[in-house]
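One chain comes next, on its own, written out as structure tokens in the form predicted on its own.
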């Protein structure tokens, strides 16, 4: 029997359980607001959102691999494309485009024209340094680390700050060789 063909982001999005988008958006907003209240420093909130996202990404990659039937990607370029077209669609209901590749093929940008996390959001002047969606950079970083890619993920553009799109820069720092816990030949 032939292996199952990989599912597209649209097919997976249609088949997964979802929560109400407004509930999701408002709950995330409440979490960010509480972090601002508790931590007081915007940079600390950014770090906490990134760490929360990292922890989510580490776990989310298992669900992604199980439900998407995506085979092993051959390189970073293909991995970025799968994240943009399948991963974002599967979990957020939006797709991203992959642009701005460097000559080495180790740095690219994920462009989101629509981001459900920012519905109903306006940043006050006191929070101008806040990367409101920093949880997404942590999710991408955590998920990629679980598939042996050490990355650095940063926000370049943010619609909450007046830019025309959301742009995440993903930089591959190193491909970590897979390690097995034991040897089969012993």
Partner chain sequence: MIVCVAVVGHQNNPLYIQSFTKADDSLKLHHIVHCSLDVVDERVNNPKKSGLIINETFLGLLNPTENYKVYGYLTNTKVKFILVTTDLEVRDADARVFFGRFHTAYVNAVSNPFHIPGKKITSRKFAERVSTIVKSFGLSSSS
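Residue numbers count along the first chain shown, from 1. Note that the structure is a prediction, hence the values are computed from the model and not measured.
This next part talks about the form predicted together with the partner chain, which is not shown.
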ask   = Are any of the heavy atoms in residue 132 no more than 4.5 Å from a heavy atom of the partner chain in the predicted complex?
value = yes
query = Closest heavy atom of residue 156 to the partner chain in the predicted complex, within 4.5 Å or not?
reply = no
query = Would residue 122 count as a contact of the partner chain in the predicted complex, using a 4.5 angstroms cut-off between non-hydrogen atoms?
reply = yes
inquiry  = Residue-level contact is defined here as any heavy atom of the residue lying within 4.5 Å of the partner chain in the predicted complex; does residue 58 satisfy this criterion?
reply    = no
request  = Select, from the options 26 to 34, 133 to 141, 147 to 155, 62 to 70, the stretch whose residues sit within 4.5 angstroms of the partner chain in the predicted complex by heavy atom distance.
outcome  = 26 to 34
